[in-house]
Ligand code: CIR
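This document opens with one chain alone, in structure tokens, the form predicted alone.
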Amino acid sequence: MQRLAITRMVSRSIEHCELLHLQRQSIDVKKAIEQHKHYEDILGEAGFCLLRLPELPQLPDSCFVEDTALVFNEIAIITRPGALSRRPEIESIKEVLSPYRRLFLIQAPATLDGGDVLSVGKQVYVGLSNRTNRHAVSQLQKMLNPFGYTVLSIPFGGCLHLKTAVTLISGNILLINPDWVNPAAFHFDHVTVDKSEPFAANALLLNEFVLYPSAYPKTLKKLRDAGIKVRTVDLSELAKAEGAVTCCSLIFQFIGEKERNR
């Protein structure tokens, strides 16, 4: 089995992105593109097969592909983003994922952003937010329970997505901001972010290390002190669009051509 990372080029209209918890700032689009390219390069260096999708100029948030789909070993689920402006993004993602997985679609009145879903083994935690509602939790349960998954709704606050508040940094350790989500909701060990860095809980677990924003040095030290191998990346321009390291890719296993022909 190989691992695929799907990414999408930064939209030239990213300055018109959706914002919920941050004040709008000027985004250096050229710098954002360069930072995103570096992010992709790190994924490639980590051994992932990269599938870089073309820019969608008319869709400002479209580089944040995580919100458009959930990919499990058995199926992929196409989301129904909570922001109306983001719903056109799902059409191209359906085409891209269809060769790799059987597709299920979230239906109205459910709304679901992928950034609100944290999977830890067969446990699937769904954050209830302005973008994700209880109808989505119910639909996910029906889709995933036959494959042995348990889907749990999680309240949180203070940030855009559940994975702004908590992410997986090893097989059984979470990185969490306890001011935004209750650690007791998860039955796993955890590292807490430094209080001066509330947005520091978003990390991307790759093959042998965690990819982590360079903007949070105090929490970075806590991760390294806990024995977590970390590589940093600067995504400061995308952070102005409420983006982070998990947002910019869809990562999953697939059968490569050599394995298929055995």
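Computed from a predicted model, the values in this text were never measured in an experiment. One rule holds for the numbers: they count along the sequence shown, beginning at 1.
A second form of this protein, the form predicted together with the named molecule, is not displayed here; the remarks below concern that form.
Classify G115 as contacting or not contacting the named molecule in the predicted complex by the rule of any non-hydrogen atom within 4.5 angstroms, answering yes or no.
The answer is yes: G115 has a heavy atom within 4.5 Å of the named molecule.
Heavy atom to heavy atom, is E18 within 4.5 Å of the named molecule in the predicted complex?
So E18 counts as contacting the named molecule.
Please determine whether R86 contacts the named molecule in the predicted complex, using a 4.5 Å cut-off between heavy atoms.
Yes - in the predicted complex, heavy atoms of R86 and the named molecule come within 4.5 Å of each other.
Give a yes or no for I169: in the predicted complex, does one of its heavy atoms lie within 4.5 Å of a heavy atom belonging to the named molecule?
Looking in the predicted complex, residue contacts with the named molecule do not include I169, since no heavy atom lies within 4.5 Å.
Here the chain is shown alone; which of V181, A136, L160, L175 has a heavy atom within 4.5 Å of the named molecule in the predicted complex?
By the 4.5 Å criterion, the partner-contacting residue is L160.
Pick the stretch from 61-69, 228-236, 37-45, 190-198 whose residues have a heavy atom within 4.5 Å of the named molecule in the predicted complex.
The contacting stretch here is 61-69.
Between 124-144 and the named molecule in the predicted complex, list the residues on our side with a heavy atom within 4.5 Å.
Contacting residue: only R131.
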